[in-house]
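Next up: a single chain in structure tokens, the form predicted on its own.
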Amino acid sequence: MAMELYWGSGSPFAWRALLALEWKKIPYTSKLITFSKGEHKAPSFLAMNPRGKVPVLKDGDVALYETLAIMNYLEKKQPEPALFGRTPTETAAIWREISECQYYFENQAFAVIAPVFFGGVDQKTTEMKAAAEAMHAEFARLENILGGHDWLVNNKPSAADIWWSPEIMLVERAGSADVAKPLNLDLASISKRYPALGRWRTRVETQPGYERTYPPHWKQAA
């Protein structure tokens, strides 16, 4: 029986789980949750994840939530290709890069994303500009890494690339929104301002299976 992944369009957390499944070439059944219909709050979904959030991985009797838990579960179920490294040094570098994103980028990213997509830009302008400045510092750090490497860790695709990619895509989408343009956050064309980061993004997008992970509602809006 194939695994089932319950996910939501545009959720960076679910997107990471989808990418992990695709990069490992693990067969799965896609279960797209519609937030507007409240499907993430349905009793059947809450039985799998009482927090009512995506992603959720169902593998037989196992129902697992939280993205990192899912990615590590997949790594143990199918070790190759390895997403979390094969040596202590590789593994540490990958986890460090994931931690860099979690602790120094994600809060700043959502300080911009949330007002753009859920309202409050006028009230949050100062915070959004400060967050954008902090994110540009992180983009510069990534640009420096990718200036000499195709991938973030040891020149091979890893969980580090999976972790960063969806969030950068979401930030760029938020920066391109009409309500964000007057703020001059310079987030609408991250790939142009940071060319090595842009080339890395293209490499991520051309990995087999990427198209199946792309948010459906983004395709419809294109």
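Heads up: residue numbers just count along the shown sequence, starting at 1. As the structure is a computational prediction, the values presented were derived from the model and not from experiment.
There is also a form predicted together with a small molecule; it is not shown, and the following applies to it.
Stretch 59 to 67 is the contacting one of 151 to 159, 173 to 181, 186 to 194, 59 to 67, since its residues have non-hydrogen atoms within 4.5 Å of the small molecule in the predicted bound form. Shown alone here, K41 lies within 4.5 Å of the small molecule in the predicted bound form, counting heavy atoms only.
Using a 4.5 angstroms limit between non-hydrogen atoms, Y210 is distant from the small molecule in the predicted bound form. Using a 4.5 angstroms limit between non-hydrogen atoms, K53 touches the small molecule in the predicted bound form.
The closest non-hydrogen atom of Y214 lies beyond 4.5 Å of the small molecule in the predicted bound form.
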